[in-house]
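Listed next as structure tokens is one chain, alone, in the form predicted on its own.
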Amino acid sequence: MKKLRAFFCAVVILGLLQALLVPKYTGNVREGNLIREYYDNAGGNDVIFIGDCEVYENFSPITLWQEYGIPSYIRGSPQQTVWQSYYLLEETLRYETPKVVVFNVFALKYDTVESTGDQSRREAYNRITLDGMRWSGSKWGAIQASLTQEERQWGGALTYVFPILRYHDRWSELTWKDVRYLFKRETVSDCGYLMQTGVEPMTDPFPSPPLTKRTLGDNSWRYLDKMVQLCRDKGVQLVLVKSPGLYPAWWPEWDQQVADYARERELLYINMIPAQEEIGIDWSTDTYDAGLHLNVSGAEKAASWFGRILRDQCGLPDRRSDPQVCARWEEKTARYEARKGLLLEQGDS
């Protein structure tokens, strides 16, 4: 009995140390909290967005609700790869069955872990996505698909199982926020949307590097095939979208391949880049980083335009006649407006 109590105490202590040492993402890297915030909002969503920064910064779920009565959530994270999107979708469909899943196709340009760029940064992006997932077979699958070559060499998978193995030397970086958010972190998003209120106009177009890879890779298509099959098995409509954005480039050759893929599989594919004028995006006022991503005014315009497609082409109903759904979304809307007002006030001060 004493040994059992000692073992239990050791597990509790290690758990507390791990909770203390893992990053809380309360500073400039708020994106690190996006994946974990979903679990407090799971269920009741007619639309789930899956993808990278082109969804969690470019679409406002509150606008979809205000204008169309569409409940939605964004399961986005920085540099989210298509294999991570697949496993996040697999996990999400265990919590709820939305009517529509929207996948942003930009991630298809990355065919392998090695093709995603600097591998030390890749590990950091992996952490932001994977550490926030709850334990499940989907998380383990995402870990195995996402490990860099270096991580595989030193048994990096274990550090996702026991993050204390990765963060054991963070003692010198600890602040009072690590204690404050030991068990409950501050909510940074509005239904997965990470609000940006700053304005940095696009003055000169970003130079695009030459196109060296004209064909999207087999591994990317394989995971997209898995997403298509998973949605069909669950009776969910999969919509492919290319979010509006001027950089990095989305080449016509890639766009045509996605359009052909969607047509062959009877999927809806919406490229929002040619529709920017119709959407009303003004790159002098609707971006916070000179044209890479949208700020809140741009994200609201994008959601307003895209909501018509969800209503008219996907047949999504207006839930604003349901008092229970309305009450829940009134609270979400109030938090959104309060956050926007505070951020705008701070930006003006």
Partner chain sequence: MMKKRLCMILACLILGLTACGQEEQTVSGGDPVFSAGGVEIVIHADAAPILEALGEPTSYSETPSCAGEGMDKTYGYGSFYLLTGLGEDGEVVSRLWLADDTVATPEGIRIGSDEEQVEAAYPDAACCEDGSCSTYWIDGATASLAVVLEDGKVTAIEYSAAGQTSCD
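Residue numbers count along the first chain shown, from 1. Keep in mind the model is a prediction, meaning the values are calculated, not measured.
FYI, the form predicted together with the partner chain isn't displayed, but the following is about it.
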property: All of Glu150, Pro210 and Asp218 within 4.5 Å of the partner chain in the predicted complex, heavy atom check; result: yes
property: Tyr261 within 4.5 Å of the partner chain in the predicted complex, heavy atoms; result: no
property: Contact flag, Arg222 vs the partner chain in the predicted complex, heavy atom cut 4.5 Å; result: no
property: 4.5 Å heavy atom contact, Ile309 and the partner chain in the predicted complex; result: no
property: Partner contact for Asp289 in the predicted complex: the partner chain, 4.5 angstroms, heavy atom; result: yes
property: Answer range among 222-230, 104-112, 268-276, 185-193 for contact with the partner chain, defined in the predicted complex as heavy atoms within 4.5 Å; result: 104-112
property: One residue of Thr92, Gln79, Ser138, Gln237 in contact with the partner chain, assessed in the predicted complex (non-hydrogen atom, 4.5 angstroms); result: Gln79
property: Contact set, 219-252 vs the partner chain in the predicted complex - heavy atom within 4.5 angstroms; result: Tyr247
